[in-house]
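Single chain ahead, written as structure tokens, the form predicted alone.
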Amino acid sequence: MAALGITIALLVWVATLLLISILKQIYSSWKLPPGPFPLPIIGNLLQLDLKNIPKSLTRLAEQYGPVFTVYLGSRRVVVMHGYKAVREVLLQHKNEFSGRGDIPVFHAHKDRGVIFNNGPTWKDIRRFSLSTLRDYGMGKQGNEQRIQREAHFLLEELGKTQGQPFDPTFLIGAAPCNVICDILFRKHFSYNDKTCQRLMYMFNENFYLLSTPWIQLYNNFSHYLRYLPGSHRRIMKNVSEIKQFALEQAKEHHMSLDPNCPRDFTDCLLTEMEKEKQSAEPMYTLDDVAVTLADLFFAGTETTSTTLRYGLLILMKYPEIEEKLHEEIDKVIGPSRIPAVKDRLEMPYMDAVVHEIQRFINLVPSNLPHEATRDTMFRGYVIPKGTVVIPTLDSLLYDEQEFPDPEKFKPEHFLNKDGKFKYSDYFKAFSAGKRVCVGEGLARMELFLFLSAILQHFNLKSLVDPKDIDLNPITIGFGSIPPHYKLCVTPRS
């Protein structure tokens, strides 16, 4: 009888806890946007496909509207879907939703650096980084010259393939890697340098793993999963190794630092660190400098590298588009002069193709998570401070009204009836507002100049029939990861 009584008491206790949890959930949801009712512990996990969370969010938006609430485990998330809602949250409420949502797999960078910082220093570090990057030519002539210099090295390496099949992942990736290395460290790697290849391998691996179902699960249930084996440990190891490389660069720079004559972005950060040493709460330590450098190094290499690699695959799928690009390049640039930024004005088709590549590949479909910095009234709902906010970028890039047949690759999406480039405010591949990509100007320039230079000198050749090329990403999560492939490039002369 005693055992029966204990069992009944336990059942009553569990039922009471469950009831309290449900009642609290109902109470806290009164003023939130609508959404599916969450289960204890797992939240709305059953309504989400971990292999394609962005598609799951689109499906929920069709049911609950452009602003809705889901629970990823115990994390309350408000999703903004569609042009009006996303633009409103990123631009009209840019201060209220400028926080950075927690990404547990990057806890080593938590509240430091530029990308994952949600601490009191993020605004100052971002402002200083943007200002310093501008001083080193971000989006100006200085970077154009950097990219043009690197284009020579890239074309030379492509020529060395002698028309034989090769994997473009690290060969193409070395170009944007060297551009950002020159800005950050005033450093240039040879294309077969082991350190460079190791760094690019880690960038590439992390971007892939971040988009796998396990990491989607881990980032929302890290309290339960952190001690288990899994690919989250691999990401953390890579993050640590990349930061260590950045720290070594910072230490080397520190030993020969001349505050009156900074050589690169690292010197500027270190000079600022030295100025702050006497302050009560310094914004920079050597470790903070390393995290900022690692953030910019990863973001400045992997996203542009992946976009270029995906773009080449798309052009092999559509050789008629490649041929039109060759014709425009021959007409505007000719066979020998290196492409320049000014050429963009006379190359609307190339400009449209570059934009359509970014739209079509949908590189970071759900954006990086934002966070409400204070209780905010939004469209009649109350979004409490600390709520994760997801302004979905794919809902703009794949808007059927703005981009008819969004599932198809059509440069015409960015061309008017006269064949001139057509700007679209729905093109938010780099996000917008307070957390817009720091390197947007650099990335836009790299994509145009590198792609133009490659097609100026080479024809692309697929190893399979173009109609058999599959453009579907191999996994979709944090990013859309392109398929692995090989190609040949043959000199156009």
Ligand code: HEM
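Numbers follow the displayed sequence, beginning with 1. The structure displayed is predicted, hence computed values, not measured ones.
Not on display, but discussed next: the form predicted in complex with this ligand.
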Legend entry - this ligand contact in the predicted complex: Thr307, any heavy atom under 4.5 Å: yes
Legend entry - Thr303 within 4.5 Å of this ligand in the predicted complex, heavy atoms: yes
Legend entry - Distance check, Ser431 to this ligand in the predicted complex, heavy atom within 4.5 Å: yes
Legend entry - 4.5 Å heavy atom contact, Trp122 and this ligand in the predicted complex: yes
Inset, instruction - Find the only residue in Ile242, Val114, Ala352, Leu312 having a heavy atom within 4.5 Å of this ligand in the predicted complex. - result: Val114
Legend entry - in the predicted complex, the one of Val105, Leu296, Leu154, Ile329 near this ligand [non-hydrogen atom within 4.5 angstroms]: Leu296
Legend entry - Candidate site Leu363, His370 and Val436: all three near this ligand in the predicted complex by heavy atom within 4.5 Å: yes
Legend entry - Candidate stretches 37-45, 423-431, 58-66, 462-470 - the one whose heavy atoms come within 4.5 Å of this ligand in the predicted complex: 423-431
